[in-house]
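This document opens with one chain alone, in C-alpha cells, the form predicted alone.
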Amino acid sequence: MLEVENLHVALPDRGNKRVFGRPPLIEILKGIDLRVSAGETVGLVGESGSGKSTLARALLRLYPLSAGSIRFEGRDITNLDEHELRPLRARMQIVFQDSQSALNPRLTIGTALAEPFVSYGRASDSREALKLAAGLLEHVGLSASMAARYPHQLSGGQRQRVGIARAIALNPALVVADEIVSGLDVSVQAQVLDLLRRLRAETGMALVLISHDLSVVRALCERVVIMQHGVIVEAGPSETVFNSPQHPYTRKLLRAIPLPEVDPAWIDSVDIDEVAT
C-alpha cells in the first residue's frame, strides 16, 4: 500500500541562519526504503534526532522531498501538488504527538471533528456533521457531551483520543501515529494503545507507529524498523528483531529498556507472619 524508495529530506537549519539569505539545509533522512502492506502495523523506533518524526511527515507529503519516491495505493505521489493530494488526504492521516497544539483552541471538540465531514462532503450539513462527530467521540471511548468542550478543558489522554477520532473520521487506509503516548502516564498509555489495537481490528487500516519506546512497539506492531541518524539500520518481524537483534544500535536500544532488578534472596528476607498479619 505504501512504498518508499531512496527517500531523502533536507530541512532548513534555522540555528545557523545567516543575517541575509536563506538558512542552510541539513539532511535529515538519508535514503530511506520502507514498505507498508494494507492492514499492517509497523513500528518506527529510534532515539531523539534519528529522523522518525521527519519521516512521519514526509510519508504524508507534509515535508518537501529532496530525492526519492513515494507510492501510495499504487499511485506515485512524489511530485503531486496540494490540489492533487487533497483527495488522497482522506485516505492517509496522522496523529501528532502534541495533542494540545494539534487542536484549534478556538474551536469546540465537536466543531473540530465535524470539519472533515463537511470538507469532504461526507455530511449534508453542519447538523449532520456534528451528529457524526458525537458518534466518533463515543467510538473512541469519550462521552458525546465532550463535543461542547474546548481542547484546554480536556486531559492529555482525552485530547489524544480526539486526535485519533479525527484521524479515523474518513475511514483512512493509513494512519501515522507520531509518539502519541509520549508524556502520558502509564495507565493512559495502555488505554490509548488498546484503543489503537481495537480500531485497527475494526477498520483494517494500516498503522505506522512512531516511538522511541521499544516496549510500546513490541506490544502493538507486527514489524519493527530501527532508525539511527536518518537511516534504517535494521528491520524485520518484531519477534525476530527483539529476540535476535543484528545491529549494535538495536542491541543498545534493547539494553536501555528499564527492567526491575530482582534480588534472588528477597523472598527469604520477608517476614511471612508479618505479611499475613
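Residues carry their position along the shown sequence, with the first being 1. Fair warning: this is a prediction, and the values are worked out from it, not measured in the lab.
Only in words, not in the display: the form predicted in complex with a small molecule, which the text now covers.
By the criterion of a heavy atom within 4.5 Å, N243 is excluded from the residues contacting the small molecule in the model of the complex. Mapping the unseen interface onto this chain, D33 falls outside it, with no heavy atom inside 4.5 Å of the small molecule in the model of the complex.
When the small molecule is considered in the model of the complex, R255 lies well away from it, no heavy atom lying within 4.5 Å. Taking the partner from elsewhere, T41 is found to have every heavy atom lying beyond 4.5 Å of the small molecule in the model of the complex. By the 4.5 Å heavy atom rule, the three marked residues M1, R71 and Q93 all fail to count as contacting the small molecule in the model of the complex. With the partner left out here, the small molecule still marks one of 46-54, 233-241, 213-221, 247-255 in the model of the complex; by a 4.5 Å heavy atom cut-off that stretch is 46-54.
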